[in-house]
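As structure tokens, one chain now follows by itself in the form predicted on its own.
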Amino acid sequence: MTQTRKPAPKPEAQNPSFSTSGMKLIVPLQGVVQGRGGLLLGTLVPCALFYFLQLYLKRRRSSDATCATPPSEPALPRTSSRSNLSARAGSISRVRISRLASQISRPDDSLYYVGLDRVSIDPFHALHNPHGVIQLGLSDNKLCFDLIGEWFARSLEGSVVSTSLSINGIAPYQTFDGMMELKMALSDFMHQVMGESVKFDPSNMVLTAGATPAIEILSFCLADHGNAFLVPTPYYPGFDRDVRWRPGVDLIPVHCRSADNFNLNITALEQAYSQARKRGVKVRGILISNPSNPVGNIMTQDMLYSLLDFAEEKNIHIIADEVFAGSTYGSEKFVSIAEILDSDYIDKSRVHIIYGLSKDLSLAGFRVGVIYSFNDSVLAAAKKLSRFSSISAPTQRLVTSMLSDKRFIREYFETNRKRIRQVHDEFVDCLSKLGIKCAKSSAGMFCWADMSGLIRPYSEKGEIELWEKFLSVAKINITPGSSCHCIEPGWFRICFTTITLEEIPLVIERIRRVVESCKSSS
């Protein structure tokens, strides 16, 4: 026979008194809930016992820890995960960064930026560091700082600055593409700079924090990653970063030669365009600097017309960097590309102008740049992209006040052009006495000096060795032509507006040391 085994009674049923008393100690309020033992036995007594037990255990742990470890060296229990990380520390790979960041973080290969870094480490100062490196590699106009300082002093005494910098005008959010007040002031200013021959519509402007982001934004708007712009050489070394780093647009040099004073010709432009097309590269535009940086020559009106014809034939854009338009000192008249767009047959939508206040108004630190375009789609996109490079509200208010001071602007330009011409003529004359000739120029803050007779061998290697000698022996930073993609070795850009007229003899004496050293060694 099969006996049926009865299921064992549950522990709660076997000993109900054990369950009740145990739970009273762990959960003191259960007695009240269940209605047994009364308030005193069911709640207060178990609570008191429970908290006295907690206090005792806490003091016990504190005394044990004090005995085990000195107060100044608290013990940090090491978990198993920390131990594992410590053991694997030698085998963990470095965390990855983007491909773009990896490329940009590499040491500079352009001597233009290497020279700027060397100056920052050992900058010249007449009193504090007289043997430091003199900066002649940066087109920074310091000749009229006194005029800018005087305007600020007068404005601070009056109500101009306090009114323009009211908290309600600078604290709230502003439009990213620039305040209309500043656009209107800039349109009048640019009209004056361009010889009052062309008017600029504020609605065609997008303001940016300097000309650098203006060029970058236009690169994003006009070309796709892997496309290219044609650029006449020698050209400003900063274009390589402005156009290539983030937009990913390539620059194709259009080589100009000293026999033509490095002026652009359409034949060279055609050759560069055809070669790019054969390589499968899509050319989207022409990037020019007018006046030229680093040569200082000015494009003629006929050349500008030829450029427009070429761009229309190839169906590409023109970006005209005109940041030195007001820094003229020669006999040649500057003509803005905007001046020749009045004809009905010209397609204005392919023309885009870059301007800024860093050069002509000596306000490089204020970071005020302008995109001027006739293309509605480009303007719409540029306005949205300007959120990443907008000008601060205090800067916009302050600059608007300065540009609105017509008398100051007129006197500034008269003095600035006079001082640039004076320093240029004196500096070029001193170089010629050392046997160094400069290309003919009419604008800018630099001279394009031919030192090919000083380099041995006659190659880019010889040019770099001469540049290093200027930097280490003469303690002068200048820009070698190879950084400007010049095809002829031995040319150097020397910026003369970073020094005063009184400092020219010191600079010439330092250059003399290098010249004599090269001649004696040869």
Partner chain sequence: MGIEIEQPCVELSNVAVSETHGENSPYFAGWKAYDENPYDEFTNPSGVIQMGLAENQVSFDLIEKYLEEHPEEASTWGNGASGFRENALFQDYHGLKTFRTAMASFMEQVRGGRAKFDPQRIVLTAGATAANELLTFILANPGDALLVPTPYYPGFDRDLRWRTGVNIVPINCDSSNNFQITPEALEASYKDAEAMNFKVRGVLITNPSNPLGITIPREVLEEILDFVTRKNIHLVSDEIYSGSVFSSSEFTSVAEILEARENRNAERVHIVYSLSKDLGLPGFRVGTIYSYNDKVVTTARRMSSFTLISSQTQHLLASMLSDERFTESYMETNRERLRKRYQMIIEGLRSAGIECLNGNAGLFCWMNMSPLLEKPTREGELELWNTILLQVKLNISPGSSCHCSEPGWFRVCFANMSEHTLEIALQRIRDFMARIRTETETESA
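Each form is matched to the other, and the largest set of C-alpha atoms that superpose within 1.5 Å is called the rigid core. Predicted model, so just to flag it, every value in this text is computed and none were measured. Residue numbers count along the first chain shown, from 1.
The discussion below concerns the form predicted in complex with its partner chain, not included here.
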Completion exercise
Exactly one of S442, N204, S258, S362 comes within 4.5 Å of its partner chain in the model of the complex through a heavy atom, and that residue is S362
Handout entry: Candidate from S389, N263, S452, S306 lying within 4.5 Å of its partner chain in the model of the complex - any heavy atom
Key = S389
Completion exercise
In contact with its partner chain in the model of the complex (heavy atoms, 4.5 Å), from 106-114, 191-199, 271-279, 334-342, is stretch 106-114
Handout entry: Any non-hydrogen atom of P213 within 4.5 angstroms of its partner chain in the model of the complex
Key = yes
Handout entry: 4.5 angstroms heavy atom contact with its partner chain in the model of the complex for E503
Key = yes
Handout entry: Contact flag, I476 vs its partner chain in the model of the complex, heavy atom cut 4.5 Å
Key = yes
Problem - Distance check, G132 to its partner chain in the model of the complex, heavy atom within 4.5 Å - result: yes
Handout entry: Complete contact of D240, L398 and T415 with its partner chain in the model of the complex (any heavy atom, 4.5 Å)
Key = yes
Fill in the blank from the handout: Residues in 479-515 that come within 4.5 Å of its partner chain in the model of the complex by at least one heavy atom, in order, are T479, P480, S483, R493, I494, C495, F496, T497, T498, I499, E503, L506, V507, R510
Handout entry: Yes/no, L127 Cα shift of 2 Å or more between this form and the one not shown with rigid core fixed
Key = yes
Problem - Core-aligned C-alpha movement of G365 between this form and the one not shown reaching 2 Å - result: no
Problem - Core-superposed C-alpha of G444 shifting 2 Å or more between this form and the one not shown - result: no
Practice task
Since the C-alpha distance between N141 and K475 changes by 3 Å or more in the model of the complex, give its direction relative to the shown form: closer or farther.
Solution key: farther
Exercise for the section: Specify closer or farther for I464 and H125: how their Cα atoms are spaced in the model of the complex versus the shown form, given a shift of 3 angstroms or more. Expected result: farther
